[in-house]
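There is one chain below, alone, in structure tokens, taken in the form predicted on its own.
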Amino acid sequence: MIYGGIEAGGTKWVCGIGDGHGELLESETFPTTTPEETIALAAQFFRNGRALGGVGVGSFGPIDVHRASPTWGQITTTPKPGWARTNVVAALRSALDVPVALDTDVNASALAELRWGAAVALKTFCYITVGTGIGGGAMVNGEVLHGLLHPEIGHMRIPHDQARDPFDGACPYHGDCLEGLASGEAIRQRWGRPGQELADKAEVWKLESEYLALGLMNVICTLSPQRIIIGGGVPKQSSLLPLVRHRLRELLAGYFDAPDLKQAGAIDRYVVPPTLGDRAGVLGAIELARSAAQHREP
């Protein structure tokens, strides 16, 4: 049996076909435009003569992940123009007539890294993506973490020294939350250029590493993950993760009596990039579909 997966990002959608063993058989990427146009392109990709066991979607959010909710399957209060209250699940079900599974894009990436990547054999870890926005998914005792809604790691509040950084923040809801200060959009607004054009500006990455380390400190204190995986476009700047690790060790201040945080060099294996790279999201979405289909079997 083969399954479809969609990494439904705010900038682009990645659609893929796989058999649930960690390999992409086919994929296609296109920009995220209007809901109608974007979902139609996804449906066209999956309709191409394939018999699918289901489709999984790892979506940008916030989304309603609770099946008992009357708005299950909707993207809810997103600031992305035109996408608030879009019911992605209903639209894909109608277009494809197959079961559709849904979770956040970061939870899907976490699921893929658990199966085939940097979190194999771990029970509790976090996957954080730093791109246009910032999102975070978590596995706790081997299960994807849901609760009241789903984790919104990007919207935690962190210290903001206005004298050092007078930028008010890019988040339309919270201003200077973690996403508002450290996302790719925050970098673009603060410095006037996207991060990929600022690789040689040390002050950009020193400030960025400060904010990300503060966010990771909160995650460690709250969820006690066995590893933190950081994906997305912003961490592809080669100097960033070493700076984050260094600053994070300073912030931890020797409090946590754990070898992964205290032994020399261990933090390099604790805060890591995704083993699956840019494929994590779509592979995780395929796994959402496979897992949902398996649990429906008698």
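Keep in mind the model is a prediction, meaning the values are calculated, not measured. Start at 1 with the first residue shown and count on from there.
The form predicted together with another copy of the chain is left out here; the points below concern that form.
Problem set entry | Gly73, Gly117, Gly131, Pro225 - the one with a heavy atom within 4.5 Å of another copy of the chain in the predicted complex | Residue within 4.5 Å of the partner: Pro225.
For this session: Identify, from the list Leu207, Val144, Val88, Ala101, the residue with a heavy atom within 4.5 Å of another copy of the chain in the predicted complex.
Result: It is Val144.
Exercise. Looking in the predicted complex, any heavy atom of Leu251 within 4.5 Å of another copy of the chain?
Worked result: Yes - in the predicted complex, heavy atoms of Leu251 and another copy of the chain come within 4.5 Å of each other.
Exercise. Is the gap between Gly53 and another copy of the chain in the predicted complex 4.5 Å or less for some heavy atom pair?
Worked result: No, no contact at 4.5 Å.
For this session: Report yes if any heavy atom of Ala163 sits within 4.5 Å of a heavy atom of another copy of the chain in the predicted complex; otherwise report no.
Result: Because no heavy atom of Ala163 falls inside 4.5 Å of another copy of the chain in the predicted complex, the answer is no.
Exercise. So in the predicted complex, does any heavy atom of Arg157 sit within 4.5 Å of another copy of the chain?
Worked result: Residue-level check for Arg157: yes, a contact with another copy of the chain.
Exercise. With the partner left out here, if you bring back another copy of the chain in the predicted complex, are Pro62, Leu149 and Asn218 all within 4.5 Å of it by some heavy atom?
Worked result: Yes, the whole candidate spot contacts another copy of the chain.
Exercise. Which one, 172-180, 88-96, 101-109, 187-195, holds residues whose non-hydrogen atoms are within 4.5 Å of another copy of the chain in the predicted complex?
Worked result: That would be stretch 172-180.
For this session: Within 4.5 Å of another copy of the chain in the predicted complex, which residues of 246-281 have a heavy atom? Give them in sequence order, or say none.
Result: Leu251, Leu252, Ala253, Gly254, Tyr255, Phe256, Asp257, Ala258, Asp260, Leu261, Lys262, Tyr270, in sequence order.
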